[in-house]
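In structure tokens, the next block holds one chain alone, the form predicted alone.
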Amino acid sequence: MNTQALGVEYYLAGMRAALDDLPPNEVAEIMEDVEAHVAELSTELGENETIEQRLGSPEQYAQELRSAAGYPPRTERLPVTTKKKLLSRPRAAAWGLAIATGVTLLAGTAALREPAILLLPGVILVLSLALVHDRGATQAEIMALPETIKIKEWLTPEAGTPAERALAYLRSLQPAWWLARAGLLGLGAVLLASRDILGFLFVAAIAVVSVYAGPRAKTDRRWLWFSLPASALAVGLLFQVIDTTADNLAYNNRSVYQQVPSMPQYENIYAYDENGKLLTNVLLYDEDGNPINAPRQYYGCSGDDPQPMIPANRYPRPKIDYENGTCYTVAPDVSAPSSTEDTPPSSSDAAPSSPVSPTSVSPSK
């Protein structure tokens, strides 16, 4: 470290000592603006000029800032004899951030079905951030918590180890993750567009702001209350999209192998009365009065050949023959195909008849 930097650090340390009777958060707020000013001033000094010549001693400059901010004159700090509170404002805010991030991850897996579930982690985040929003951008009190220090130790492996190299590589991918996160959130918004317009607008707004929040959180720790839950929501949405896609693929595969029952097709219908006698010229209709028409196929009757004009719902239908280039109708045999086993038609009840040979060339009406 050069002489100039040492002078700046020495001057700032003297100011902190002169302000140490104030609450830590107020000292941090004062020093946040002073550090940049003193560092900039040190670059403008002459060859033999010092910071004290410009600003006065650290104690004097600290007293000026204290008076300008409305703080009382310095008093000696009394030794702290009371036990620290277990749940302080910084700890409540830190744990609120951790809990809200976990809840957002779980909520993200169901957000496409019920977007209103995101209100729960949103309320937790707002309340926890409100506890420390006025403590400055660095959030020094939260960074000084024992649990925060422990996490930083876990995330700072020894130099030269594989874990350190892997962590350094992952940190280099942060800009790519910020874009991927915005893409996942945008996909979730698109999937919500047709079902929940408010959910679509909410998730789309998170996607847009997340692009700005990523790099901003590195200098202003208050943005972590947005950036971390946004990442958790993106991961939760990714899990839900994967699960939904897998279900759709499995459903489609089942549909391919599922046999579709085929409906029987009839070309003719034979009706019998209660005595087993074949009925002729029967017209059939459904419950809506529509004719019940079985398929008709006139083999050979094409082109300019006349086709018999037979009502499509008259049964039993005559047989259509094609002979010498002309279509003929042949009356159906009264000895029709056998009926069901329960009511077999009796040959004695049906009047005998012989097949009718081809007759007129004119179509039957």
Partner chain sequence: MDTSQLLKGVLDLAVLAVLRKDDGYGYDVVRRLRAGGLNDVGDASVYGTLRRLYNAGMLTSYVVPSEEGPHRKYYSINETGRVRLAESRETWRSFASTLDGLLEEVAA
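Positions refer to the first chain, counted from 1. Just so you know, these numbers come straight off a predicted model, no measurement behind them.
This protein has a second form, the form predicted together with its partner chain, left out of what is shown; the following refers to that one.
Enquirer: On the criterion of a non-hydrogen atom at 4.5 angstroms or closer, are A163, A213 and L228 all touching its partner chain in the predicted bound form?
Expert: Not one of the three qualifies.
Enquirer: Can you check 90 to 98, 184 to 192, 116 to 124, 215 to 223 and let me know which stretch has heavy atoms within 4.5 Å of its partner chain in the predicted bound form?
Expert: Correct option: 215 to 223.
Enquirer: Against its partner chain in the predicted bound form, would A137 count as a contact residue? Criterion: heavy atoms within 4.5 Å.
Expert: Yes.
Enquirer: Is Y61 near its partner chain? Define near as a heavy atom within 4.5 Å, in the predicted bound form.
Expert: Heavy-atom contact with its partner chain at 4.5 Å: present for Y61.
Enquirer: Report whether the minimum heavy atom distance between A312 and its partner chain in the predicted bound form is within 4.5 Å.
Expert: Flag for A312 set to no.
Enquirer: Taking heavy atoms only, is Y71 within 4.5 angstroms of its partner chain in the predicted bound form?
Expert: Heavy-atom contact with its partner chain at 4.5 Å: present for Y71.
Enquirer: Given that the shift is 3 Å or more, do the Cα atoms of L12 and A144 end up closer or farther apart in the predicted bound form than in this form?
Expert: Compared with the form shown here, the C-alpha atoms of L12 and A144 sit closer together in the predicted bound form, by 3 Å or more.
Enquirer: Work out the direction of the Cα-Cα change for M31 and E141 in the predicted bound form: closer or farther than in this form? It's 3 angstroms or more.
Expert: Residues converge in the predicted bound form, at least 3 Å closer.
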